[in-house]
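We begin with a single chain expressed as structure tokens, specifically the form predicted on its own.
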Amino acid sequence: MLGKAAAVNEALDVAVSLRPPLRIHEAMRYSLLAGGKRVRPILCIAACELVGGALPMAMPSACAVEMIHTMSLIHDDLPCMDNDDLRRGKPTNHKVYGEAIAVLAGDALLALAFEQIAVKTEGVPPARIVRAIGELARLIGAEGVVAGQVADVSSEGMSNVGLKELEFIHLKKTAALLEASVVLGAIMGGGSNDEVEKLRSFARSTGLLFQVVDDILDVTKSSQELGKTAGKDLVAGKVTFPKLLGIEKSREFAKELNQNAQGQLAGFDPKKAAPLVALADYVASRQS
């Protein structure tokens, strides 16, 4: 993870260099290069390599999903959304650059993500690139990440949100971008339709796992340990997995999701699948 993350960070630094207009690029770089585990781009690269591709084929897509992830965090932290002041241990983008620039920085990262895939991808047939762009657009739009965010905002303060509704929120809001990461990697690497769909199922379970663990950490760790405001979902009146299931049942659910995710990798070469197995285990056991 450290080696791949370093390569991703280097590519992101090049993609969003400090150039005119300076203020918007400063704001983009502030959040994009603020750290983070780079789970999504690493999943993209690992999926590409699993189906026979190479890192350069996946790197533009890996950068793209991290740009979109960063955009979602910038917008999620805004006063009109989750209204948060802390992200990755630093003041959120709008606290440093103001709300208008924060919105525009997110918009610019979203646009740049698609440019990265369309212009920077090398060694991949155009048909695969077009397919990947279509997948990404669908998974982050009104049927994907945006759908989950809308459902999440709409559910605040509601007492009748059940497990089915909560899973819908996070299969869209959180898991959809992990799904995009893995599916894009598999497409760029030349995976068959069957391989792509198996990896899609792996990513959905891993994405939901990510959120269950996130909810558990939100009520068991401090803001300092997390690098973001702890307990904010409970304050906002949001339904979480621990609130609905309790801590222990949530941990059992996380274990089940990890098993389901890894079960989707059974038909692949175990050595090539090992990075994805390890990533799923990392998501399950992370402490921040």
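Treat the numbers as computed from the prediction; the structure is a model and nothing was measured. Numbers for residues come from their place in the sequence shown, where the first is 1.
Omitted from view is the form predicted together with a further copy of the same chain, to which the following refers.
The single contact residue among 213, 196, 108, 161, judged by any heavy atom lying within 4.5 Å of a further copy of the same chain in the predicted complex, is 108. Although the partner is absent here, residue 75 is a contact residue: one of its heavy atoms lies within 4.5 angstroms of a further copy of the same chain in the predicted complex. In the predicted complex, a further copy of the same chain stays beyond 4.5 Å of every heavy atom belonging to residue 190. When contacts are judged by a 4.5 Å heavy atom cut-off, residue 271 does not count as touching a further copy of the same chain in the predicted complex. For the chain shown alone, residue 171 is not a contact residue for a further copy of the same chain in the predicted complex, no non-hydrogen atom being within 4.5 angstroms.
Comparing 178-186, 213-221, 197-205, 99-107 against a further copy of the same chain in the predicted complex, the single stretch with non-hydrogen atoms within 4.5 angstroms of it is 99-107.
Shown here without its partner, the chain carries 246, 281 and 284, none of which come within 4.5 Å of a further copy of the same chain in the predicted complex through any heavy atom. Looking at 238-276, no residue comes within 4.5 Å of a further copy of the same chain in the predicted complex, counting any heavy atom.
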